[in-house]
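Encoded as structure tokens, the following chain is the form predicted alone, with no partner shown.
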Amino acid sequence: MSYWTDTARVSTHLSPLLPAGGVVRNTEIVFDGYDDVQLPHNNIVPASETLGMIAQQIPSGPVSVTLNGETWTAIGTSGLAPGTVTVASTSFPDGWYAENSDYAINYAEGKLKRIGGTTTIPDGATVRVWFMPYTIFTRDVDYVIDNDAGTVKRVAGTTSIPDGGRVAASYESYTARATSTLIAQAITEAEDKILARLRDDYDSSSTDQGLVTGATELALSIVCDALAASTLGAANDPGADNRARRYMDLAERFEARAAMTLSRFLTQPVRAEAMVRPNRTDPRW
């Protein structure tokens, strides 16, 4: 039970401080029954993942599409497998055009357009398009994902993802992530420290905004300290030390702010940051 702050409030302040890490495109995973499948990373950015698979073995087409100006034109099928589209001037095919030079394509929406300035595809030209349809699966309908653990599994009873199916997964991962469990624990610790030194004219039911702000700042300090520790333990990551120092610095800054914010609510004065020796042998809490 929390008294002054909550997970949502702490997360709002924390999110801008947790930059995303690597972007993974089309890594192949294979589903075996309804067991969890481990992605190459954990700490997946929520709602960043896309799971899909090529729906057939032989390309569809050719489809004739007339391109006018630089207007997006639908080819008649949405959800195209990345890298499988061929655009040519004839049906043989012959006179192939180059993606990102002669034309651009929106794979998700199945749309095509001329690139401005191109002379290879004349304005008003009719081109022929071949492609591989791509099925995009739906989270919580076809699969479920554990963002913290970086695991996915098929929803029991689903038929959209075949057993043993090879699926391409794309996602973004955090370099470090504060889970809801970590944040909740940090709030409990922060508020316990505050309650232990709360003046007699305040209690856990007090609604003063200063207590809300101070509890949030102190919880953020505890979370950042934990992130520093976990980042230092990251294997094969040359940037881990620098990020750990950044989290440690943030932890100290949030603790100093909390100390100032909460000083009028606590039984003992809390010294300002400038009065605290660097080695911090005298704890504030």
Partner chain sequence: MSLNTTSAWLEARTSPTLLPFFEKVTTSDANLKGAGGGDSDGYPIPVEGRLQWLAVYDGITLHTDSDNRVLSAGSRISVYADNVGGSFTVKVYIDGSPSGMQVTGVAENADLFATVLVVLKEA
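Owing to the predicted nature of the structure, the values given are computational and were not obtained by experimental measurement. Positions refer to the first chain, counted from 1.
The form predicted in complex with the partner chain exists for this protein as well; it is not shown, and the discussion that follows is about that form.
Residues with any non-hydrogen atom within 4.5 angstroms of the partner chain in the predicted complex fall in just one of 185-193, 94-102, 148-156, 108-116: 94-102. For V30, no non-hydrogen atom is located within 4.5 Å of the partner chain in the predicted complex, even though that partner is not displayed. By the criterion of a heavy atom within 4.5 Å, P40 is excluded from the residues contacting the partner chain in the predicted complex.
Remark: Y134 does not count among the residues lining the partner chain in the predicted complex, judged by a heavy atom distance of 4.5 Å or less. Within this chain, G164 is remote from the site of the partner chain in the predicted complex, having no heavy atom within 4.5 Å. Listed residues T138, S180, S204, T84 were compared with the partner chain in the predicted complex; T84 is the one with a heavy atom within 4.5 Å. When the partner chain is considered in the predicted complex, only one residue from S160, S78, T120, T90 comes within 4.5 Å through any heavy atom, namely T90.
Although the partner chain is not shown here, in the predicted complex the stretch 37-74 places heavy atoms of I58, P59 within 4.5 Å of it, in sequence order.
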